[in-house]
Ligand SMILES: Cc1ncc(COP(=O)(O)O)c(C=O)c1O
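In structure tokens, the next block holds one chain alone, the form predicted on its own.
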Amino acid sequence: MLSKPMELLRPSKGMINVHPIQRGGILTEEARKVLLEWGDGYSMCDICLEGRVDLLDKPPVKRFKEEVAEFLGMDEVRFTAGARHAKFVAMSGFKGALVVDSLAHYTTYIAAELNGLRVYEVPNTGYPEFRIEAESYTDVFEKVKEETGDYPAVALLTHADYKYGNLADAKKVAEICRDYGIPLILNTAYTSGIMEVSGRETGCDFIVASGHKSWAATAPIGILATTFEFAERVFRVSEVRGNWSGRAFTKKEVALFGCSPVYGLPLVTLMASFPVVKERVKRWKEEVEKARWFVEEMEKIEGVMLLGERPKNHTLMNFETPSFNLIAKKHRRKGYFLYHELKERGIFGVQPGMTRNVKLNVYGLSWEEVERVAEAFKEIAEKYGLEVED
């Protein structure tokens, strides 16, 4: 037998999970209630009369799609197999060069490659803040023009990056793009769903989101929102016809593989969590306060320093931890000692084996839980002889 039931138990059960990709995806109680109800593979498709899950009236996916579009300040929405698929769909409407920030997720590059787009990167400021300056987009646009004879077809900005949790100035980049007439894709995999993001306010042309990273849904599900101007281009329907059978699929959207590939559970958990998501984004300011407090406490530990912008404007953090790395070199468990020490204190999610840097996310933790995580790091530091400020 490949797996016994006991082998499928989750090792993080009952612990505080600070994994960077996890915090915004933790299900709401409302979403947990629908898990069994809609858990079967194609649970929505068995009542689909339209041939596309996004057109369902019961459950009200069609209406939900409109509500998500309104929430994001855009005109049209589709559900995708994650943010990576949403980026692929958005890019499918363009040919030529794509300008991306140099902190973009690897799937941005893969999506560009699949669409045959040539990638140009906007540099970041380097150690220790690694900021993306909006004005740098102008320089790269001009470089593309100089090298290819044309300005880029499309640009992409990662709103908050997965490496340092820097929050980029989306409005400013969108203004620059608009001046050049270049559409902007805003990747909000780590922002929309936990903080307020509006296409109308920022001026971007596409919003890409991750349901399982930031909208309290089960994986895999993403969201692609756009304006009427680009909807027809990226959501174009099939024109193919079988040369022998004459079969055609004129309602199917090509870049969505015909129908949004979220046939049940991911979509219904996204729907169930949505009312909570709409409310929780209003508490973003307090979430950032917790993150800033946590940075202060962590930097009381000898040798620990935050990487990325200061002050923090996001809850995903990356700490440089050379002092923990020195301990690891002498410890019998090597780099795994920190992971085990944290686990013994009920903290889960720091990558096993990593002690040079520690990446974590405190989004959605209570103040008490944030304090517990900070105290755990301090306790471990003192246990191994590091100095910790009072």
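Note that residue numbering follows the sequence shown and begins at 1. The structure displayed is predicted, hence computed values, not measured ones.
Keep in mind the form predicted together with the ligand is missing from the figure; the text below concerns it.
The partner is absent here, but in the predicted bound form a heavy atom of 83, alone among 204, 99, 262, 83, sits within 4.5 Å of the ligand. Checked against the ligand in the predicted bound form, the residues 217, 173, 189, 224 give one hit for a heavy atom within 4.5 Å, which is 189.
Taking the partner from elsewhere, no residue among 63, 65 and 273 has a non-hydrogen atom within 4.5 angstroms of the ligand in the predicted bound form.
Among heavy atoms of residue 314, none comes within 4.5 Å of the ligand in the predicted bound form. The ligand is not shown here, and in the predicted bound form it never comes within 4.5 Å of any heavy atom of residue 115. The closest heavy atom approach of residue 210 to the ligand in the predicted bound form falls within 4.5 Å.
The shortest heavy atom separation between residue 374 and the ligand in the predicted bound form exceeds 4.5 Å.
Heavy atoms within 4.5 Å of the ligand in the predicted bound form are found in one stretch of 154-162, 238-246, 118-126, 68-76, which is 154-162.
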